[in-house]
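One chain is shown next in structure tokens, namely the form predicted on its own.
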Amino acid sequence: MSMTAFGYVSPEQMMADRADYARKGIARGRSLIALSSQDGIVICAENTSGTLRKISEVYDRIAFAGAGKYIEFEQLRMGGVRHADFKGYYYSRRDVDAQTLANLYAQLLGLSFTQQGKPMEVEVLVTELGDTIQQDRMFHILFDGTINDRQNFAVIGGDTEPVRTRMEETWQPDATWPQALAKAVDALAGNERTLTAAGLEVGILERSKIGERTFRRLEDEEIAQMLSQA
């Protein structure tokens, strides 16, 4: 009687294979940038779809952005909205903050990475508007649940390193809305491409509306107008 021999895979190799699988899925998409400016936080993504959104409001002054597999980061976004609504209703609206939401997403992604059949192919970004640029918060959560606290700007998804390098060279704290958006678009496009309003999705958190709902999604006409003013 013969017995079938099953190959042994070490836990380290299994985790490495999962990480490689998730990275490849995320890299197939396009990058996304969030950056602080004097007027607030600008979040800009390459996205030609008019219905599948990468950038959304979570709460009064908090926004969510996802890169990778849409259905997976949309599930995370919805869970975050429910959590924020519950906490704001039972406690205080000011008790809802980006760090708590980032911890929630990190827990969910970490569990997916270690316990499910396959890891989620997503990275997410949680941004919170402060009274000043120094008080803005940005949390980049990786596919394995790792949280990175970013300052000034954050890049997720796609081929991040070239985009991050270009953003480092041009970011300025005193940039206006048009200038900040133009810098984000240039960083996403690089020297060999041109991105137009029709291929972009842009959301902003407006500093002048602190204490109110600050998120606003820009239409193509407004994006084009702002880019022309930069």
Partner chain sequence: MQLPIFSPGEDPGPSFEGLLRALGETPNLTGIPTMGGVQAVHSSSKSSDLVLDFPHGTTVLALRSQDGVVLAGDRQATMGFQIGSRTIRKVFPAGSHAGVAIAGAAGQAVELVKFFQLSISHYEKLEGIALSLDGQANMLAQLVRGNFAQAVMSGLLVMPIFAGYDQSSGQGRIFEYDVTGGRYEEHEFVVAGSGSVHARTAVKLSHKPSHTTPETVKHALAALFWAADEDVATGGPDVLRGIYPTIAIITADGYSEMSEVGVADLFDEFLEQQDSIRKVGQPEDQLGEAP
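Residue numbers count along the first chain shown, from 1. What you see is a predicted model, and the numbers here were worked out from it, not measured in a lab.
Beyond what is shown, the protein has a form predicted together with the partner chain; the following relates to that form.
- None of 139-147, 152-160, 99-107, 122-130 except one has non-hydrogen atoms within 4.5 angstroms of the partner chain in the model of the complex; the exception is 99-107.
- Residue contact with the partner chain in the model of the complex: residue 82 places a heavy atom within 4.5 Å of it.
- Contact annotation: residue 114 falls outside 4.5 Å of the partner chain in the model of the complex, judged by heavy atom distances.
- Taking the partner from the other structure, the partner chain in the model of the complex has no heavy atom within 4.5 Å of any heavy atom of residue 46.
- The closest heavy atom approach of residue 135 to the partner chain in the model of the complex falls outside 4.5 Å.
- Just one of 167, 175, 58, 197 comes within 4.5 Å of the partner chain in the model of the complex, counting any heavy atom, and that one is 58.
- Residues of 58-92 that come within 4.5 Å of the partner chain in the model of the complex, judged by any heavy atom, are 58, 59, 75, 76, 77, 78, 79, 80, 81, 82, 83, 85, 86, 87, 89, 90, 91 in sequence order.
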